[in-house]
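This document starts with two versions of one protein chain, written out as structure tokens and named structure 1 and structure 2.
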Structure 1
Amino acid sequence: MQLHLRERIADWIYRAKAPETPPVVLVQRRIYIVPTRHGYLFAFILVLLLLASINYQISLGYLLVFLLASIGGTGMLHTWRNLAQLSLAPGRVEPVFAGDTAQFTLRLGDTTLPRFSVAVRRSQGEAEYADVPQAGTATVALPVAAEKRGWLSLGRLEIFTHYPFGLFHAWSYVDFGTRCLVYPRPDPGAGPLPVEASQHGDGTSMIPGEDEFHALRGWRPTDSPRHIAWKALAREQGLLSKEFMSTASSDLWLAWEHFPSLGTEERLSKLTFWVLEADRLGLAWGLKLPGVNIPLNGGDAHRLACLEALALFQIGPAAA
């Protein structure tokens, strides 16, 4: 109920607000503070103690009540200060496939004070806690399940804290418009690549295997570590796509029309699998979707362009 109300207030505050440019510093007026349930319980206990002090005429009881009340009030300032002037910036987020988890991050830092138990959560999400050292930074990981292809928006974040006494809930909102590109979920049910169908007259299309060294190409997470070219890495030469292109000469077109009987999402999933497969085998390929035509090519940049086209098919790139 309380959460729900807070969300609605936040919606109202954020109604017309555009995503902000990082870094955002939590200045005074963006921090809100209310007592927690424990804060109300504490206040109730103090009322009981005050009644007892009045009734038993215990002067030190009065002192105790007023000391605890003052501690509560001062604690509120400290809770508030645990957020105030904190600087926030989003971290890079790598594209993921639908069904995976997008790893958003938020960097907290540039603080003149150490901060303890600062929590970050998406609306209705699990809170992640971090301590920020004095003059240092802390990074909070915000894993979000990517359910469908397209843009996965991190949305508005609530940054809150109960430190030091748990009597007050101080919070603020920030929305950087951070989003993660989600590729369609690769569907292995796509079957083998349509290599034969697109074969040319010369008849000797290379069927990739693991027997001989052919060319260097960019590393991908699916590769075995045994295949990494360490020397090239040391020389900081990641991409050698030209040599690779010349070898894979067969015209491999991965096209929408290969799956006539399927719906849009199924087709995209199967095409995604093919793109990955073609790339894994070091082939050159082209992608044809309604309204999208990516010419024959190979390598990381090409693969990423294809995946992005699949991810954003009929969604549109939307200004990033």
Structure 2
Amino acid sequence: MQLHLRERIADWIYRAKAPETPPVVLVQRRIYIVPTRHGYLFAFILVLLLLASINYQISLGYLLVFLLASIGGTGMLHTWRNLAQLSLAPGRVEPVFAGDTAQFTLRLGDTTLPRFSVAVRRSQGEAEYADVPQAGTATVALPVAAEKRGWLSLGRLEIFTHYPFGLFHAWSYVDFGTRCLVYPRPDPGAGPLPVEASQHGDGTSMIPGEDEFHALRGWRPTDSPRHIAWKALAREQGLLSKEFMSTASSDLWLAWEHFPSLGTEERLSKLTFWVLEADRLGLAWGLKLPGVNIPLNGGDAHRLACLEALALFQIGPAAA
């Protein structure tokens, strides 16, 4: 409730436009400060001490009240100063697969004084703390669950501190429009890569299939029981699986039409697995989606282009 109230106050006072251009420096008009619950309790105790000192004419009581009040005022200044002129910039975020955790980063920098216990959090998220050395930088990692494919936005961040006494809460907001690309989750149930004949293919590429025995490898939970090497297990060589290979056309197309009975997300997950498998085997492949045709190629750039197309694919009426 208090967090939403502070966000509305910041929207009304600052009216910052997102996304903001990095780096952002927290100048005076961007920092807000209010007492914490401990701060209100501290003020209440000071009022009681002052009333008791007035009522009983206790000179040392006045001294204690003014001393504690001056300490509280100094603490408020240091709380505000812990954020003032702090420089903020987003870090690089790597793409992830659906179901994984995206690691967003924020760099905190300062060139004057060290900063202590600076916290960063998303709306309704857990806070991550960091100390910023003098004339140095600190990096805060913000893990965000990637639940579905597409773009995952970090959203607005709150930077706050309670340093040094915990009596005041100073905070500011920043929104760089940072986002992370989330690929579909690979589905090993896609099976071996499609073996297709092509008039342009030379038929020299070897891919996992069912034709010829190739080698023994470690057992995987997705392996078929009929591929388990029982003789090797009897010789106490461990649980191994037989790997079979097939001769494939050099024109390997990973197409939407290979899974006609599945839904959109299931198709994308299986095609993602095929893309990763083809890249692992060093093959040249192309990707065909409704409205998307990525020509035959290979390598890291081609793999990333295919994964991006799968992540951002939007089903159309013709494909449905």
Partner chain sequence: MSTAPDQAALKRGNVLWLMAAMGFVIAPHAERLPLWVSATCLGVAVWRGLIAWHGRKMPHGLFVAGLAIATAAGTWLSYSRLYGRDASSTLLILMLCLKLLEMRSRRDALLTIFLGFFLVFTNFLYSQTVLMGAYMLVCVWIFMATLVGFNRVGTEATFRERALPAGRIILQAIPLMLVVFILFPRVSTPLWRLPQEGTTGRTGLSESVSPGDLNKLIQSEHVAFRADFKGPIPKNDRLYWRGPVMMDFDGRTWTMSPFPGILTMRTAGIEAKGDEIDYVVTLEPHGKTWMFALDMPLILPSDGFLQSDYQIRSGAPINALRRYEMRSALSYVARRELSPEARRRYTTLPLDSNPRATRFARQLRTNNATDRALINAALLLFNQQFIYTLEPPVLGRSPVDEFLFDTKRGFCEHYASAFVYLMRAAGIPARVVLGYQGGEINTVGNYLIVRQADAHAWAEVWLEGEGWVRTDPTAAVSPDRIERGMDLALGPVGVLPNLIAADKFGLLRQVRYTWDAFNNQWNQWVVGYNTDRQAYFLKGLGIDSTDWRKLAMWLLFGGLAASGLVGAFLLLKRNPAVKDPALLAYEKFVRQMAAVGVRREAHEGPVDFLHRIEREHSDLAAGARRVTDLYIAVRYATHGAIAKSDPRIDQLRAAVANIRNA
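Throughout, rigid core stands for the largest set of C-alpha atoms superposing within 1.5 Å between the two forms. FYI, numbering is relative to structure 1, first residue = 1. All of these numbers come straight from a predicted model, not from anything done at the bench.
Enquirer: Can you tell me whether structure 1 or structure 2 is the form predicted together with its partner chain?
Expert: Form predicted together with its partner chain: structure 1.
Enquirer: Superposing on the rigid core, is the CA of V27 displaced by 2 Å or more between structures 1 and 2?
Expert: No, the C-alpha position differs by under 2 Å between structures 1 and 2.
Enquirer: Would you say whether Q57 is displaced between structures 1 and 2, judging by a C-alpha shift of 2 Å or more on the superposed rigid core?
Expert: Yes; Q57 is a residue whose C-alpha shifts (by 2 Å or more) between structures 1 and 2 when the cores are overlaid.
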